[in-house]
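Quick setup: one chain, the form predicted on its own, written in structure tokens, and binding and motion questions come after.
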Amino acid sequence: MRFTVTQADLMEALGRVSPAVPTKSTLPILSNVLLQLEENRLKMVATDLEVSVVTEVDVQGEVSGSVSVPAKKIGDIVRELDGLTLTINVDESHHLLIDAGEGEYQVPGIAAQEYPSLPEIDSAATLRFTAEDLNSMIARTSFAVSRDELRPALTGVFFQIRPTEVRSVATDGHRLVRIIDQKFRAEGESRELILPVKALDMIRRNLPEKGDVELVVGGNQIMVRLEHATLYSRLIEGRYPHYESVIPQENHNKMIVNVATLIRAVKRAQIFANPINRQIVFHLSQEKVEISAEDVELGGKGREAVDAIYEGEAQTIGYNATYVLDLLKQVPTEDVQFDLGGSTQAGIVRPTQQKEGEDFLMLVMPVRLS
């Protein structure tokens, strides 16, 4: 295999696939990236056996061929050859040789035949999203997935695909996000799938600013066709919890407060919160909300009042500051609305104005007051 390519083009292509390379693996070959040259097209593949990414880059090809090389090593050396044109050759021992003008570099490789094959997908359904809608949906849900490997269904985002809407849901048991996009249209029967958060992060990395994105669902795999890459991912198996049952229907206490003001107040209060449970306390009354925190062990405490519109009974509710901040960062409007029950009931957080054709809400569980 022999070809010539600019450093910028090769580095950009490596950047698209290298996030799929696992940081740790019992299979050394998975630390590699596969290079396959056919005439003037270089295909690059990376996988951790759960998520695979494929991209292509234009090169000046001389001899077609293939090899797999360590992703980190080739990425490190190509990154340092900024602005140069690289001539790359692979010898009979699978060593990748980089000629960069005054410099020559050799990267040990492994035969391409040993690299895992891409999954085969029998197309059962094709879904289309606008890049903007898919990016927004992933950004507002993926932060809330669980990191608990003992609850695999919660480690991904749950999608409910229906002919006239799509729902995306994420929860870790402490907070929940649910988005209903009523502008979405799909042909065929309804279906449900759980996408792992790593795949969603990589989709988002490669999304174009505009245009449509095609998702092909088949069996327990999904293929996503992007502008400069194709992503394959295994779907998470298992039944997703009945999330609607945990969304309160009778939270009659309502608070409206400025998002930026509340974020600043929560950040200041959490400085004095217990470092284990991060507890802050909302003291709710007619014209304001007081936010306080106290670390009994160290003796520090803070209290601050924020102007708010509150309709309901005066009450005190404890929350984890980190969870509150995570939710507030997703609110696109200037003000945020809290629909609250009592001190042991989940609170609903939503923007004061919804996007056209969308229903977006978040839920945060209170913590027991200490």
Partner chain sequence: MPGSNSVEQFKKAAQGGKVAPIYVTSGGEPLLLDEVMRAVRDAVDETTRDFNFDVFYGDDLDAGSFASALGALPMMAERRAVVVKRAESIGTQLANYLVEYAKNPVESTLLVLLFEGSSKKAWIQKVSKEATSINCEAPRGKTLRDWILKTASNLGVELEREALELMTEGRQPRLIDLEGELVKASLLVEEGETITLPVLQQVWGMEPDVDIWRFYDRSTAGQRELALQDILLLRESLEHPQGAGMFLSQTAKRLRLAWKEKRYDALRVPFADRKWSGSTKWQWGKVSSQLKSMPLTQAEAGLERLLDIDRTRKTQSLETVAAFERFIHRMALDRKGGKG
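No experiment lies behind these values; they were computed from the predicted model shown. Residue numbers count along the first chain shown, from 1.
Form predicted together with its partner chain: not shown, discussed below.
Among heavy atoms of Gln60, none comes within 4.5 Å of its partner chain in the predicted bound form. Using a 4.5 Å cutoff between non-hydrogen atoms, Tyr310 does not count as a contact of its partner chain in the predicted bound form. In the predicted bound form, at least one heavy atom of Ser343 sits within 4.5 Å of its partner chain. Using a 4.5 angstroms threshold between heavy atoms, Thr141 stays clear of its partner chain in the predicted bound form. Interface residue among Phe184, Phe159, Tyr232, Tyr243 relative to its partner chain in the predicted bound form, by the heavy atom within 4.5 Å criterion: Tyr243.
Screening Asn320, Gln330, Ser31, Thr55 for any heavy atom within 4.5 Å of its partner chain in the predicted bound form leaves a single hit, Asn320. Heavy atoms within 4.5 Å of its partner chain in the predicted bound form are found in one stretch of 98 to 106, 273 to 281, 215 to 223, 131 to 139, which is 273 to 281.
The putative spot formed by Arg151, Leu363 and Val367 is fully lined by its partner chain in the predicted bound form; each residue has a non-hydrogen atom within 4.5 angstroms of it.
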